[in-house]
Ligand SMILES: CC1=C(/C=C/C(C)=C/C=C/C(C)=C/C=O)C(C)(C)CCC1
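One chain is shown next in C-alpha cells, namely the form predicted on its own.
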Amino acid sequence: MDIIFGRNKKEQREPVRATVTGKIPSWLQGILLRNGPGMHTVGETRYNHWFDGLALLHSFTIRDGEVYYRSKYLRSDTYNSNVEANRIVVSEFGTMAYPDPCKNIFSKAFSYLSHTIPDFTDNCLINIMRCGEDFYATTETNYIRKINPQTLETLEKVDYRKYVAVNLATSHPHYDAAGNVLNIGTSIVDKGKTKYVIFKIPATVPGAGKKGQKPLKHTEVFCSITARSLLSPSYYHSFGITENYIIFLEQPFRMDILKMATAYIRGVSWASCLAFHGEDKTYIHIIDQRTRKPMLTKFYMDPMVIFHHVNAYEEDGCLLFDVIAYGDSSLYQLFYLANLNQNFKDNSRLTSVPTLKRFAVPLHVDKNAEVGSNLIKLPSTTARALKEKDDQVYCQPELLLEGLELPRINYAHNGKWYRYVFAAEVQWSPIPTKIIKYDVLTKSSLKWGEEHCWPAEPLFVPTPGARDEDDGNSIVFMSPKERLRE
C-alpha cells in the first residue's frame, strides 16, 4: 500500500501523450481536471493521514482521439511554507504541526494562542469547482484557490469569509442550468449560534467585464439552519438537491469545537476531535427553494455516516434521495498512513461496507394519520417513513447495492428522476477494482475492470444531442504507475 499511499508523486509539468486503450469518440474534446493528495512527506516529517497530503492537480487534455496528461502541485501558501522550511509547518486535519523548537517561550505562547481559533489550511486537495468562467481547487475549509485550467498554474487565494460567514464548506457544490453555484458551509459560534449556511454564487453578474466584478463578490445567503448543538456541529461532505428542495443531513459524526480549540495545546490533531455518536439520530433537513425555509416536520433516520449523495428527485408528493451510507466512521480511521501497511487488506475488512440506500420523505404529512403508519405509498420503492408522536417521522431506507463509492450520474438528470449510477466498486476494501454501472430501476449492474489495475473515479459524458440517459461514455483514466501486480 505504501507504493500508492505513502510515496510522494512527481510532477509532470509538460504534457505527455498517454496510452489510449480502445477508441475515443471524435466528439469528445476538452480538459478533465482532477485533484488529490500527492505529497505525504516533507523533509523528514510525515503526514499522519492520507487526506492531509499536499494537493496535486492533474489534467487530461482530450483532442482528436488522443489524451495528453500533465500534473502540478498546487502552490498554496501551505505548500510554499512547508517546502521553504523543508518540514511540515502548517497543520492539516489529521496532522498538527508545531513551531520551531528553537523559538523562545513568547513565540511559542503566541503560537498556542493563535491556534485556539484555527486559521485553516489552503491545501485545496479535494475537488475542482467552476464559478462563472473561473476554476478553483477546493477543500473543506474556508479557503479555495483559483487555478489556470490550461497550465495548472496556481492563482489567487480566496477566503469564503469575505463573502459569507462560514468557517468550513463542502467541496461538492451543485450547479443549476444557468451555472449558478449552490453550496453549504458551517458558521461556528457566530453571534452565539452555530449554523449550517446554504449560499449561492451567481454564474454571471452585471458588469462582469469590468475590473473587480467577480461572481464571488455577489454571494448571497440562501438559507441557514441552526445546528442542534452549539459546540458540536455535524461533519458533512455533500448534500442533495431537487428542482424545488435541498436535502441536508445532520449526522451524528460531529466536531467538538471546545476540543478543537485546545487541540494545539494538548498536542493532538483536529481529526481526534471528530467522533461518531452511534446512540444519536441522523436528522433530515428539507429546505424549500421557493420559500428558502426549512420544512417544520422533524424527519430523522438511523445513525450513519454519509460522504456522498448520489441524486434526489420528487415523485407524487414525495422526495426521494439516494446516498452512499456507512454504519460508522471507520473509513476515515482506515486512511491514517499507519494503517496503510501490509495489514491493509485485513484492516479494511473491519470497516463498515458502503451501501447505496434510498430514502423517501413525504412532502405533506397527514396530521390524521395513525402513529406508526407508513406515509410512503409509492410503488417504486420499499423505503418507508413512519409517523411518530410530536410531528416526527422516522425514515427507513430501501437497500439498493453494497460495495460502491465515488458515485457519479449524468448531471443533466441532477435533481430529477434518473436511472443510472456510475461508481467505483470497492467491496470489502476502499480500493476500487472495477467500474460499475448500476440501474436503480431494474436493480441490475454492468461491471468493467482490468487485471492488475486500479481505475480512477468514473466520469459520465453524454453524447451531444443524446436522448437516452446512458447515451454517452464513462471515462476512466489509469497511468502506468497505477498498474499493480498483486
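Quick note: we count residues from 1 along the sequence shown, nothing fancier. None of these values were measured; they are calculated from a predicted model.
A second form of this protein, the form predicted together with the named molecule, is not displayed here; the remarks below concern that form.
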- For the ligand-free chain shown, place the named molecule by superposition of the C-alphas around its site using the coordinates in the predicted complex, and mark the site blocked if 3 or more ligand atoms sit within 2.4 Å of backbone or C-beta atoms, otherwise open. open
- Query: Between the options I126, L401, L155, L363, which residue brings a heavy atom to within 4.5 Å of the named molecule in the predicted complex?
  - Reply: I126
- Just one of Y336, F120, F222, Y98 has a heavy atom within 4.5 angstroms of the named molecule in the predicted complex, so which one? F120
- Query: If you check in the predicted complex, is L168 within 4.5 Å of the named molecule, heavy atoms only?
  - Reply: yes
- Item | Interface membership of F51, the named molecule in the predicted complex, 4.5 Å heavy atom rule | yes
- Any chance D322 has a heavy atom within 4.5 Å of the named molecule in the predicted complex? no
- Query: Looking in the predicted complex, any heavy atom of E250 within 4.5 Å of the named molecule?
  - Reply: no
- Each of E140, Y235 and L274 near the named molecule in the predicted complex, meaning some heavy atom within 4.5 Å? yes
- Item | Option from 294-302, 224-232, 378-386, 307-315 whose residues, in the predicted complex, bring a heavy atom within 4.5 Å of the named molecule | 307-315
